[in-house]
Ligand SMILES: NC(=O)c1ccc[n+]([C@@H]2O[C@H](COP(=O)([O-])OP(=O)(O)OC[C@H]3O[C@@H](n4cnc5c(N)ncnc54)[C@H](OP(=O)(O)O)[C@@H]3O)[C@@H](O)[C@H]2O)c1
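One chain is shown next in structure tokens, namely the form predicted on its own.
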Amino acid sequence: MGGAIAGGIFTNPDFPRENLVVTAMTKKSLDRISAACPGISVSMDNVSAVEGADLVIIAVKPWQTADVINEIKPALDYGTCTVASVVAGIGFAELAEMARKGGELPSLIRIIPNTAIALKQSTTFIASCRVSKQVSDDVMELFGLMGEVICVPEEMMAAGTSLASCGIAYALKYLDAAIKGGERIGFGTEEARKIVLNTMKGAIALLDTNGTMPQTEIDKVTTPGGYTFKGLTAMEENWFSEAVLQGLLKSM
């Protein structure tokens, strides 16, 4: 996710590239980022990378978060630097304890994007703690350049993670199943892929253009006893909608 965010920021012409530094634990990871974003500043030295930073984004595995924050916090100026986390499942209370320096605490932001942020098509949820309006607006503007941004209270971050961050994989799971189904009924893999993707684009275009909910468009093409009706009935008999709901609930 860190690489996707860096890619989204790097490709934005309105963001000064010299202001962006990306770190990683391995040279292999840095080489991959450099290949995707030629000329980007990369480093394996977290401490030097954060010195003088206005915004530090922590994008690591949950079990690595405390170690990274403990490493960099002596170099952070809490008067000017905001610490943002894209780590799922670690809330403000836990982040504050990790980042505490004596009696000092930083401004904190939690950010949950999805991987489409690299293409500037993310749905990103943001929650703030002890953050000034100016900083909040700046972060909103930055991530707004990479898709839709939704500000929520922290208690909604888990739901946002499930619906949009994990949800992009769930949407892709349907597409994968449909493509494989296309192969089963006689199409070649690439042909099925093209058909399914274009069908999905058409479905999204209908909702966007008409401002409707999915069921409204479903009703328009579902004749009682017809082929679409039979297919939808078979899906529901196999718990399609319930399976989606259970996946969302399980990932919160």
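Note that residue numbering begins at 1 and tracks the sequence as displayed. Computed from a predicted structure; not experimentally measured.
Just so you know, the form predicted in complex with this ligand exists too; it's not on screen, but the next bit is about it.
Could you tell me which of 200-208, 187-195, 25-33, 218-226 sits within 4.5 Å of this ligand in the predicted complex, going by non-hydrogen atoms? Looking at the other structure, the answer is 25-33.
Select from the listed residues Ser107, Ser162, Ser136, Thr115 the one whose heavy atoms reach within 4.5 Å of this ligand in the predicted complex. Of the listed residues, the single hit is Thr115.
Contact assignment for this ligand in the predicted complex, among Leu76, Leu95, Ala127, Val87, heavy atom within 4.5 Å: Contact with this ligand in the predicted complex is made by Val87 alone.
So in the predicted complex, is this ligand close enough to Val60 to count as touching (4.5 Å, heavy atoms)? Contact check for Val60: yes, within 4.5 Å of this ligand in the predicted complex.
Using the partner position in the predicted complex, report whether Leu248 sits within 4.5 Å of this ligand, counting heavy atoms only. Close contact is absent here: in the predicted complex, Leu248 is far from this ligand, nothing within 4.5 Å, heavy atoms only.
Touches this ligand in the predicted complex: Asn70 (any heavy atom, 4.5 Å): No - in the predicted complex, heavy atoms of Asn70 and this ligand never come within 4.5 Å of each other.
Tell me, yes or no, whether Ser41 is in contact with this ligand in the predicted complex, where a contact means a heavy atom of each within 4.5 Å. Heavy-atom contact with this ligand at 4.5 Å: absent for Ser41.
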